[in-house]
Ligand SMILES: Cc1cc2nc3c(=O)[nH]c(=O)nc-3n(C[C@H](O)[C@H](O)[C@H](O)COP(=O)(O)OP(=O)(O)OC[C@H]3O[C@@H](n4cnc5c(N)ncnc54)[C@H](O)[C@@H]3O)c2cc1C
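For reference, the chain that follows is the form predicted on its own, supplied as structure tokens.
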């Protein structure tokens, strides 16, 4: 039997259940899916990151007597071609978004499929309440998941060498409208140009980041909140693309705990990831609609949205965070909450606009976590912050960037100003800053407006 090993978001040979599957002859493949790539600009640096990881995976397989065939096109067309070439089975790891589920359903109608779990510790339908319904609140989900976690979730899958099929592994197979074109392996031949940006996580190996985490984890609970310290793990992008398995990371963290390290806060962050995946899977409407049965009349002012995107709102911590995102494809987690609250509660803009922009920029974009976090900030999601809680960006900056070190790095227009002035909305309205705008709104005025608006619509919609 000739089996296809389809790599998708598992760019590694270590602890990979796809490679652990026994077969007579295999064809390892990666597909640059044109349906997905159509959402990206030609110079998107994330495609450069993915392309380089695909090449590394290919090299790692070759070092172990295997190889990787690279395709460009629509998966259904590619699998019809492979079926005609005598391949009768495909093995791949499961994705859980609606788009992925529909794609995999189409593939299952073409070729026999075996689906393995790899990207998350638990299947999103696995952690449920006693009555069999999924959790809507993180705290009880966390307790149940923590108690349920055992060695069955953390098994290490061995590398199982399989004889590879005879194939032209030296070219990209471009399949479109039943036409097959073979081109040299280059990013240009899938319609993109190389574009590398200074993204710390993307530039470092997961092994390096795990060793770095070991040095940070005892103070992780407090220090992770301060963007100038930059003491988060930066492992999100590697979990997103599977350059490290979630099992390997948890095994590593458990070994640290056994050695006396303080690991609970970090583990809780990993289980937030599991929780949001469960929510999106069990409540798929929340991908595009409010999780809560409430409709907010967003103002959606395009001028304000452009200021928010470009980091020109005149609110220093918001602008610094957005400039970091635009330049590097990364934003500190504390700041993700701050800018999301500012967009939805101060600028009265639909959370879906912000979520979509993050989708276009973040290297570590995970649909379930991003959607869940945006709905949390907008007070429309499950386990959301109550609508009457609004992040004050000036207080957040004063608390988590006291000396304005992070702000001054990304908003150099404020380099000569005192931190106290930078953290004062009144001062920012009074002083003239060369090449920097005054705040686009008054926080207290707009937050009160949001609270009243949400109060009315939550009350009205819940009665309806």
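Numbering follows the first chain given and starts at 1. This structure is a prediction, so every number in the text was calculated from the model and none was measured.
Not pictured, yet referred to below: the form predicted together with the named molecule.
Although the partner is absent from the chain shown here, none of 146, 155 and 245 has a heavy atom within 4.5 Å of the named molecule in the model of the complex.
Here the chain stands alone, but in the model of the complex its contact with the named molecule, taken as any heavy atom within 4.5 Å, falls in 326-334 among 326-334, 127-135, 280-288, 171-179. Here is the short version: of 312, 349, 199, 373, the single residue with a heavy atom within 4.5 Å of the named molecule in the model of the complex is 373. Though the named molecule is absent from this view, in the model of the complex it lies within 4.5 Å of a heavy atom of just one residue from 266, 357, 122, 142, which is 266.
Taking the partner from elsewhere, residue 96 is found to have every heavy atom lying beyond 4.5 Å of the named molecule in the model of the complex. Contact check for residue 292: no non-hydrogen atom falls within 4.5 Å of the named molecule in the model of the complex. Using a 4.5 angstroms limit between non-hydrogen atoms, residue 79 is distant from the named molecule in the model of the complex. In the model of the complex, none of the heavy atoms of residue 383 sits within 4.5 Å of a heavy atom of the named molecule.
Counting a residue when any of its non-hydrogen atoms is within 4.5 Å of the named molecule in the model of the complex, the hits in 204-241 run 220, 232, 233, 234, 235, 236, 239.
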